[in-house]
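A single chain, nothing else alongside it, follows as structure tokens in the form predicted alone.
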């Protein structure tokens, strides 16, 4: 019925409506059982007000929803009242803003079907939004697969299962975005990843938003969304990755260890010793990716590349971690190749231009 999470409602409803909802819910939350004065709830229907938060009409005027049918009440086995409207139509007589959300492109199925009571209590609740139980447990009644997979996943996105959980990223009723997202996918991630985050194991997650803003070139996979590579809820791999990518400076140079990258990039850059098209990192047709990676102790992609953003077109990092050392790469590109003078080796240059011996 009502969603008071300001981060979410502000994006899908006009501000004046959101403010009125907040004021209304706040006033309802102040009504305790001791303040109930209507005879229905104080004399016969005490169970309807047994929980902490009361629906406004329950607390003040039952006839806002119920109307007499002319039969004497109360009498055993006689229903003296009926609802003046059925299903969602009754709710929408007050909650017009929720009905208006049907005009948005994506509508939550229970809302579209008018099934308000699939999530909301009618008379009283222990939650300020009058739901049966807070998210994510409420969501798990239907979306149980997320709870099941969380239990066996290698890594779990804590934001998806703690605090406001689902409502950090999803709207409960309707949205302009697919999957009922409260904003564009990438922006949702950056709402949290705009600072350094300390993980439970003591490792730090960088301030991704700051890094992107300070870089001239973004990884194309990241231009619209982070979920090209990361699962937003849980993963069978480290770092919430959606496919295989072996972590570390050195890794055996086989396709299976870089499946995530090869979802977009040409496998020839790993497998062919010579090529004219599989990679631009080559000396003539000598494949320098093959030279660096295709061996038992191959260099990982992150030995040279920043996977999110960098200040050159090839996403070559300024520095990379080598143990505790921030190793400088000193990469300088040119029209036909570039020069690199890292902590790995002395200055080396390469050129894609094939020089004829004729």
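Fair warning: this is a prediction, and the values are worked out from it, not measured in the lab. Residue numbers count along the first chain shown, from 1.
Below, we refer to the form predicted in complex with a small molecule, which is not included among the displayed structures.
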{"property": "Listed residue that, although the small molecule is not shown, lies within 4.5 Å of it in the model of the complex (heavy atoms), from 153, 221, 272, 104", "result": "221"}
{"property": "Distance check, residue 265 to the small molecule in the model of the complex, heavy atom within 4.5 Å", "result": "yes"}
{"property": "Exercise: residue 284 in contact with the small molecule in the model of the complex, heavy atom 4.5 Å", "result": "no"}
{"property": "Proximity of residue 118 to the small molecule in the model of the complex, heavy atoms at 4.5 Å", "result": "yes"}
{"property": "Contact flag, residue 230 vs the small molecule in the model of the complex, heavy atom cut 4.5 Å", "result": "yes"}
